[in-house]
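In structure tokens, the next block holds one chain alone, the form predicted on its own.
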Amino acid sequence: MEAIVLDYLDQLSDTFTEPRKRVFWGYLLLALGIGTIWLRWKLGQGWRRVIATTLSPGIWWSASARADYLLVLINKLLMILIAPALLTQTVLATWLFGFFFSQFGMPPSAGSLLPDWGVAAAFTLTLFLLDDFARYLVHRVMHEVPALWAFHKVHHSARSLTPLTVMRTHPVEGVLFTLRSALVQGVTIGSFLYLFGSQVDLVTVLGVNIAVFAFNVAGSNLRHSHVQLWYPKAVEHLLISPAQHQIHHSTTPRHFDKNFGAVLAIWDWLGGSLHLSEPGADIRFGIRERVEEGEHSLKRLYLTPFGESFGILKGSIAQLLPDRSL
């Protein structure tokens, strides 16, 4: 029990002190700085309004935000308990390497065709692209499959967006995204180790994939905020801006099921779900316009999705069975 408590406290601390984490304190400060500069000098807002948009207690201590904080605390413990039963990238990479070796024999000499820096660059870029595409794909599936949407809408039920909203997820979604990450990393690592052996390396900054580091440094935490920061339209066809992700959280029907991408917008562009930002638009967040009593309660966030998903699956199975009343 003591080991679990210590592990829990360590992981909770790492959430804010480890540069590999999205809400690392350095990224949060950079996002605050970028947001302040954008609001004050790009949009010309007064300091009172800038502070209200970035640091208002009405946002950070709203019922929605308090629910975010509780989910972070509870989910961290749940994932510690669940994690040992989940597939890891190390296990998958080892199995894949062994599979390639058993099927094709000794690894080819592909490594000799590329310098070490070339292998590292190829590995870093491949891992980033596959991971970003997998995020887009799983995210889109969770919107389009009703039984999964029952769990994903816990994230979309947030009415006040703060950087911690990124962790406002149901444990079922947490498990799915953990397995997604293990699959992408396992396949990439196993394949590159087979082809290039000891040449495989990751180009990093502070231990973080350089592409992910650039994304976080550029204000990734503004995606879950009330700072409407947009990019030029040409750029928004390539990269998802904070304003585009806020559209993804909008209660306006024309914004539904748009901008599933994490970093790159090209997946949405190709998939027909891209929606460019709407500068100055009044965007409200949540899954419905009307505020419902208890919508941020732990019962609604943790237990209700199971009942809804089960009901959907039960109805789908019933439609597949023959009608015995005929």
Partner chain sequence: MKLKKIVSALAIASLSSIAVSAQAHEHGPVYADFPVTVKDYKGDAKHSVSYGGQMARHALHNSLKKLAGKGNGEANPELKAQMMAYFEGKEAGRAIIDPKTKGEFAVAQTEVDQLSKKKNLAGKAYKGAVTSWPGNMTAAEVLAFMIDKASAADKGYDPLNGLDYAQLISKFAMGAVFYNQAVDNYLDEKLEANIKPNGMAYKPGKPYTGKEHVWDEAFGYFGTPAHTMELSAKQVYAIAKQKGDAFDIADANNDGKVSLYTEMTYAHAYYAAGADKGGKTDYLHTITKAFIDGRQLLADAKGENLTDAQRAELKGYADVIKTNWEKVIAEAVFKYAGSTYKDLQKINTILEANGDLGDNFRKYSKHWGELKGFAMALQMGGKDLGETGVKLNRLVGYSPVLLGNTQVSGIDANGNYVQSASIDMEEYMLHMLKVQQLMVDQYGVKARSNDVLAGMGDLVEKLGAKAATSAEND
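Residue numbers count along the first chain shown, from 1. Please read all numbers here as calculations on a predicted model, not as lab measurements.
Note that the form predicted in complex with its partner chain isn't included here; everything after this is about it.
- Residues Leu130, Leu313 and Ser316 are none of them found to lie within 4.5 Å of its partner chain in the predicted complex, as judged by heavy atom distances.
- The partner is absent here; in the predicted complex, the one residue of Arg159, His255, His226, His152 having a heavy atom within 4.5 Å of its partner chain is His152.
- In the predicted complex, its partner chain sits within 4.5 Å of a heavy atom belonging to Thr90.
- Although the partner is absent here, Gly174 lies within 4.5 Å of its partner chain in the predicted complex, judged by heavy atoms.
- Interface residue remark: Leu9 is counted as part of the site for its partner chain in the predicted complex, having a heavy atom within 4.5 Å.
- Using a 4.5 angstroms limit between non-hydrogen atoms, Pro232 is distant from its partner chain in the predicted complex.
- Along 18-40, these residues reach a heavy atom to within 4.5 Å of its partner chain in the predicted complex: Arg20, Lys21, Arg22.
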